[in-house]
Each structure stands twice: as structure tokens, then as C-alpha cells.
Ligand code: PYC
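Just one chain follows, in the form predicted on its own, and it is written as C-alpha cells.
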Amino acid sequence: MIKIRYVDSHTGGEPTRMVLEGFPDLSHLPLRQRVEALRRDHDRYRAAVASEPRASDVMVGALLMPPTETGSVASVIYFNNVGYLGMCGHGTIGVIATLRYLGRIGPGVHRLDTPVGTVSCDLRGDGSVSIENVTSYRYRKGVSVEVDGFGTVTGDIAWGGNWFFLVDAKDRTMDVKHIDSLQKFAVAIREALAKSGITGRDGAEIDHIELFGAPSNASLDSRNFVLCPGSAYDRSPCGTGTSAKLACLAADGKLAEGETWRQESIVGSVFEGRYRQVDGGIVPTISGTAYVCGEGSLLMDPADPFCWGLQPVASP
């Protein structure tokens, strides 16, 4: 019987399951090589933690490991039911909140190593967290693609720790009653991008689609719907997606350095974002709050035919 110990949290409604122990020990490898080793040799652990019957397509896992860089508190690899993520904003806020719950850190600035770079996290006394994300930038502006059933769709391609296609969807109703139609639209866009060979830099797959519309009230700047890898949508405003949005706003001169952008999610949770300009793009800071909501152990019984998880259901 294999046992995997974890702590669950949610950030703006989006869950993070932080794995404390039970995965193969890969700490002798550089961080990016750990991801490749997991994908190549131990991917069933990812599937067991983030897939049915123990989880669902909305779950994001965070494998906690010793730091790889001097001065960092830990390193982490993010994953979901279909694969691995370079960076995860809501997940990083969740990891910091969980480390506080475990008594490993207190209020202050803490560095966390991720496969796409080290991020700085400011844990405040009230439990809120601000993460200074990796350098983000817009790669291409105004890219048009023919989407089956929807016609021509135009958006920007941007990097915020993951690759995004950002679409102004102000003609669509952005609320929870329309999640099914928003999801079908976003899935169709992602399939059209792949079919048309439209990618991020160096041929990278654009695996996140971000739709923007009017917020629920005038105190907020925008509301988004974010399709994650697989078929799940982000319940939070998406940290890397908000970073990509800030990069586009900065490139268009629509948001000044240091000015606050209040991004609402499809379920009504809010992140605050701001940025500072650097060579090659911006460094975004994303602020939010996570809450620890569970802890325990997952048991892998070799006699269980679904011990290592079910295959994810195809996208709608």
C-alpha cells in the first residue's frame, strides 16, 4: 500500500493539493529535469493525485520538494489531470498559505523555486499573499484564427508563466449561468489554434484560453473565464492569466507601472495585479488569499484496478 500525504487549499475557489510525501525522491535532479523524470518514469503518481476517483479535472497538484536555489524556502512542481504546468499563480498562493498552516513559515517574503523560475512571495499577517511572478510579455498582438462554429476570433498571445490566447469577449455574458457556452467557445478556440499551427514562442503549445468581459460591478476592472489544460476552467482569476493580461495592458499603454488592476473570476473571486517594467516585458505582482480546507493521505492499493486514476474525459 503506497501512501501519499497531502494538504488541500483553495485560492478564490480554485483548489491546490500540496503533496508532502509519497512521490519518488527526485531531489538529486535539477528542477526542470525532475519534471521530465516525473513525466517519463513516474507519471502515474500525478494521475493518482489529480484524477478521479480521488480528485477531478479541476484539481491542481503541487509537489513540494527541497529548494534548488540558495535562499528559497522550497521548490514545487505543479500538475493537473492531464499534465504539468510551468507556473501556477493560484497554486503558489495556496502553497504559501499551506506552509504557514504547517508552521514552516511566518509573515514575510519567501522565495519559491518553480520549473520556469524562482518567484518571490510576500505573506502578510492577515494571510493574504502577493507573488512576484516570472517575467511576462506579449508575444503577438491581434492574431486571428478561424474557429469552427464561431467564425473568426482575434486575440493576443502572451506568456505569464504559461502560454495564453487572450480574447476580448465583451459580446458574451460572463457569469456562472453561461459557463457551458463559454467553455465550448474556449475549447473550440484552442482546437483551432492547434489546427492552424498557431503557437507561443519556439513552437510552444498555447494550452490556456482566456476570455474577458465586463465585471460584476464598477469597483472591478474586468471579469475572465480561463480554460486550463484539459477541459477544466479556473475558478480563480488565474494568476498566470492575470500576469499575461497585465503584459498586454502594459504593451498597449492601458495600465501604468504600479497601477492596480482588479481581475474578477467567473465565480466572483478577485485578484489584484500590478507590474514593474523590465527588459523583455514586465514583472507582475498578483495578490490574493488562500484557505486551507483539508489534509490527509491518499492510499494506493495494488489490488485496485483504478489505483492510479482514471483517464480524463475528452473535452466537450
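This structure is a prediction, so every number in the text was calculated from the model and none was measured. Position 1 is the first residue in the sequence shown; the rest follow in order.
Below: the form predicted together with pyrrole-2-carboxylate, not depicted.
With the partner omitted here, the stretch from 191 to 199, 110 to 118, 239 to 247, 151 to 159 that lies within 4.5 Å of pyrrole-2-carboxylate by heavy atoms in the predicted complex is 239 to 247. Contact annotation for Val95: none of its heavy atoms lies within 4.5 Å of pyrrole-2-carboxylate in the predicted complex. Remark: Leu166 does not count among the residues lining pyrrole-2-carboxylate in the predicted complex, judged by a heavy atom distance of 4.5 Å or less. In the predicted complex, at least one heavy atom of Cys228 sits within 4.5 Å of pyrrole-2-carboxylate.
Residue contact with pyrrole-2-carboxylate in the predicted complex: Leu85 places a heavy atom within 4.5 Å of it.
Taking pyrrole-2-carboxylate as it sits in the predicted complex, the stretch 1 to 24 comes within 4.5 angstroms of it through a non-hydrogen atom at just one residue, Glu14.
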